[in-house]
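Okay, so here's just one chain, in structure tokens, the form predicted on its own.
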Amino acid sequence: MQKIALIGLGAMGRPMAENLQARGFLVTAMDISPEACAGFEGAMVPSVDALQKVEAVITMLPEGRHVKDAYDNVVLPGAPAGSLLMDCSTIDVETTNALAEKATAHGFYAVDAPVSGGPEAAGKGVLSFMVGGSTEAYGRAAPLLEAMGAKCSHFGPSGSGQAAKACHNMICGITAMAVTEGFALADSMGLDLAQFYQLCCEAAAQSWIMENRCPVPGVAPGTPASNDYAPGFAAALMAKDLRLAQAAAKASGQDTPFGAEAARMFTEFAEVGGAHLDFSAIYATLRNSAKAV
């Protein structure tokens, strides 16, 4: 039975840990928050001593600074050399590459494996992983990825997974703005929004965002909009991911004007009170602004 440590029991990390347990892995779950640890048997505050016999450490944390802190203070000094270190957080490529280089120098196998699918997919064990790292490291990670997800794409060396995630999430953010504006325009012209939704789902405007994050309450049952915009994927996280995409664009010299505008709008929405709502809640701000004119 392979021994795994998973650091970060948030909306994504907890179901990932539960799926690993359900598939026969021996999981030591860790989080700095006692509230996050509650209800997960054996969960504890991250500890160097608790990592001494693990074969892999998975991190699922909010930002690059949190991952760096976990690596510097717990993971690198605690885990046995030769262990697999797999970061599933969505962070910047620069930090990812620096941590992978440090991990490799200490005798670890390192992969970056950010995810797509949100808490729903995490709970069902059908996440999509975008992976960066050596072929050997990816091979070691594969059984864990298969236990938590339905799709795994190995894009190349360290940092490639985070690069793919940045591009993917920029597309999602831009698409979300297009869907939001389309419904706002349809509403302003008096269209039946349920009928319009059905049209879009069966025509060229169809997308995952359209079907799963329709921003109008009551139009699509089961979406955050029909549940008081309970996330889903919080607007603050969308804003963060879009800013990461902009940082990647700047580093690579690629102009991304639509991505920049999506990053600006979601960041502004998060800062004025929408941070903990699903990102589709930005629709209410856009539509209300139009009605006030």
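The first residue of the shown sequence is 1; numbering continues from there. Not measured: the values here are computed from a predicted model.
Omitted here: the form predicted in complex with a small molecule. The next part is about that form.
Residues Gly10, Ile32 and Ala36 are all found to lie within 4.5 Å of the small molecule in the model of the complex, as judged by heavy atom distances. Taking the partner from the other structure, the small molecule in the model of the complex has a heavy atom within 4.5 Å of a heavy atom of Phe233. For Ala263, no non-hydrogen atom is located within 4.5 Å of the small molecule in the model of the complex, even though that partner is not displayed. The shortest heavy atom separation between His66 and the small molecule in the model of the complex is within 4.5 Å. Proximity of Lys240 to the small molecule in the model of the complex falls within the 4.5 Å heavy atom cutoff. Residues of just one listed stretch (249-257, 56-64, 263-271, 222-230) have heavy atoms within 4.5 Å of the small molecule in the model of the complex: 56-64.
When the small molecule is considered in the model of the complex, only one residue from Gly78, Gly125, Gly118, Pro217 comes within 4.5 Å through any heavy atom, namely Gly118.
A heavy atom within 4.5 Å of the small molecule in the model of the complex is found for one listed residue only; from Ser158, Ser83, Thr180, Ser89, this is Ser89.
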